[in-house]
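Consider the single chain below, provided in structure tokens and representing the form predicted alone.
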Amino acid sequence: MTPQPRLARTRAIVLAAGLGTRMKSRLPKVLHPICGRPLIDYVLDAAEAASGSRPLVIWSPPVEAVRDAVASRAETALQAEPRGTGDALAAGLTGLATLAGDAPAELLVLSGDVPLVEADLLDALLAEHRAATAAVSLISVITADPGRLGRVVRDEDGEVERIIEAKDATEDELEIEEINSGLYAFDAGWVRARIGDLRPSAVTGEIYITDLVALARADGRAIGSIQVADDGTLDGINDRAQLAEATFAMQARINERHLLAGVTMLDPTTAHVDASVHLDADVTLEPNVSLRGSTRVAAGTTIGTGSLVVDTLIGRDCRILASVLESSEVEDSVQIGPFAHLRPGSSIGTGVKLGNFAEVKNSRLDAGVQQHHMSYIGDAQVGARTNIGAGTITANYDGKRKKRTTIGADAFIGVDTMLVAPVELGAGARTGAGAVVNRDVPAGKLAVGVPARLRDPRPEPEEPAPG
């Protein structure tokens, strides 16, 4: 769809003052995450793209966390006592009046709980609104299951006459299959003049934004409308089941974008990729992987079955299998897993190999280090090409403070070695099996025993000359 030209004075108002009691949650409804982002973030994306301006979000005291969550990207206005959508719009108009700059000529109004809405549809709504020179324009959905949603009532000529909320509807009106989506465009000047004429419902006591349609008809103004298919795109989130459905749909969008950009997913239905994750072309995701937060993966890397990667940078041509990586950096051509764990602050150099049950925390492993199995390296610096034997432990915590271990290049750490920090092993140093090293080991020396004693390593036997 070709984007429509924006007016310089178009503003979007996002209604987000409701608590969402059917979510059964202490967290405000619009802050529940979908693919790593609060669901309202997707609404703000669409609102900003369609209006070309910073949106205004309506909040109320029970959901004060909403105000704080959106403050970096939206203006906010308080609806002191939630009394319905019409009252929320009135709060928005008051909030807009306090902002610097010219008053907007037209308004987009969106619900903060409709995360699948896209800017193209809002562009089409604005185009219809302008073409009809309408006071109000809306998007409706034809559905066989209208449920609790407001019905769009049309006159004999097929023009929108009014919207009736389900709680106020008669039995005949409840049979109508055209429902209101909660997305509107308004002539800003007209709505400012008319917002004070809204009256509470005799049934619920709420002030409905939808009653503005009947007021526009009474003023002889046009009502613009667009009908769309019932494909779930405009469904609001009211409970955890609907949240799960929206998450599934959003994940499908995200995965399709990556697939079209050159990423291979062996089973896209089990690839869970947050909206904020960056994947280069020629990345491969095997089934049942989860990539979260600010993770970035470079070309040629395979993330193997059962892996969880959070806020981690992974270089080119790596292989990650059934492992957990958190807040770490991994350079090129690294092999990790199965069942390895990078804890926050780890930095893994080019060509490193980490195997079964290898754990690294807040440590740097230089290029070519091998830590194949059942070992823990914490708060350490490990030099290039060092071999970490099975069962090696850096005892980095004395009960009060974390202390560091430093290992030089080309060291050999024997199986079941315990390195009691703070301790330093020089380049080429070695430890015997089961050594407990609680003092520094100079370069080229061998530490053996409990506690470890220093020796010169035995000379390597000479290879026999070829016959």
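Note that residue numbering follows the sequence shown and begins at 1. All of these numbers come straight from a predicted model, not from anything done at the bench.
What comes next is about the form predicted together with a small molecule, which does not appear here.
Only one of Ala88, Val352, Ile314, Val160 lies close to the small molecule in the predicted complex, with a heavy atom inside 4.5 Å, and it is Ala88.
A heavy atom within 4.5 Å of the small molecule in the predicted complex is found for exactly one of Leu149, Leu93, Ala322, Leu116: Leu149. Taking the partner from the other structure, the small molecule in the predicted complex has a heavy atom within 4.5 Å of a heavy atom of Ala17. The small molecule is not drawn, but in the predicted complex it has no heavy atom within 4.5 Å of Thr302. Within 4.5 Å of any heavy atom of the small molecule in the predicted complex lies no heavy atom of Asn362. Among heavy atoms of Lys445, none comes within 4.5 Å of the small molecule in the predicted complex. Heavy atoms within 4.5 Å of the small molecule in the predicted complex belong, among the stretches 277 to 285, 373 to 381, 231 to 239, 254 to 262, to residues of 231 to 239.
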